[in-house]
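In structure tokens, one chain follows: the form predicted alone.
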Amino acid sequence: MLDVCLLGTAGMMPLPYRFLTSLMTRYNGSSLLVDCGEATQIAVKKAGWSFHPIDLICFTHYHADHISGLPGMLLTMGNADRTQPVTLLGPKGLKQVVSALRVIAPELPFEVRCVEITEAEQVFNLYGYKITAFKVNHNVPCYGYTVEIGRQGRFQPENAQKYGLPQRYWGILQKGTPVEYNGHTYTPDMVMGPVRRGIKLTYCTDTRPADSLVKNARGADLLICEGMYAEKEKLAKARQYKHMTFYEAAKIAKDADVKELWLTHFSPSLVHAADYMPQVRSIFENSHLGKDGKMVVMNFPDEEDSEEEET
């Protein structure tokens, strides 16, 4: 299962009641963070989650509201006695940006590794996550991320028995390692069923509607997508600054055939956001207004249904 927490939902600046947009996930003892604007540390603390297991921080782009909290976050992680390396992932220029920010956080008890995205669409396998970075349409290079947790097929004991394999080898094959027995090599595919559907989460902020977003979000269990503006008269402003409206995000969710949509990255001027949701749901019914600290446990499809816990 994948634990998901929308740490904050604000765009441009943190507000007393709304932290900057950031996402945190937990899987198999490892945490992933997407974007780290100012006050992200407070949002993590308020959610009751830990800094220590953050192994990977992904950046959509290098506007201040998405990265300016990094020095403080790294220092906090160091103060939490972290010694294992931390990987940072982002568009070209990451090393230069991080180097500049670390002027105020020069000494850390762990290594910081920078991985730059070099293609319009690129896949990374890190810490048990399959992460697809895809370029979107903002006024600076910007990427969305699809995070997937794969799941192997079921073990088929009848196949192992057919080959006469003793049970002591079954667990080894289940873990993906071939075994030698009676002069023959047995591989996992000989005793495992078809790969099962895993978990798929797509996160995207700061973009106009883009084909790459529809493509990479297709069939996602959850799409967390920016809706900078809800007022329909602000469509021209959204186009000017290359952001999306609530309604454009809902259309993306519909076109991508996702299961659920959470809206995020709201303009500081947006008030009474819930008033606009009936119109949003007329486009995509399973749409929800993101809020700081909104959490969900995403289970594999054949396990019990996901249970959402809001705080």
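As the structure is a computational prediction, the values presented were derived from the model and not from experiment. One-based numbering along the sequence shown.
Just so you know, the form predicted in complex with another copy of the chain exists too; it's not on screen, but the next bit is about it.
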property	result
Stretch in contact, per heavy atom within 4.5 angstroms of another copy of the chain in the model of the complex, of 120-128, 75-83, 178-186, 195-203	75-83
Proximity to another copy of the chain in the model of the complex, single hit among Arg281, His52, Lys259, Lys46 (heavy atom within 4.5 Å)	Lys46
Met12, heavy atom within 4.5 angstroms of another copy of the chain in the model of the complex	yes
Tyr62, heavy atom within 4.5 angstroms of another copy of the chain in the model of the complex	yes
Non-hydrogen atom contact Ser68 with another copy of the chain in the model of the complex at 4.5 angstroms	yes
Touches another copy of the chain in the model of the complex: Leu56 (any heavy atom, 4.5 Å)	no
Residues from 31-49 in contact with another copy of the chain (non-hydrogen atom within 4.5 Å) in the model of the complex	Gly37, Glu38, Ala39, Thr40, Gln41, Ile42, Lys45, Lys46
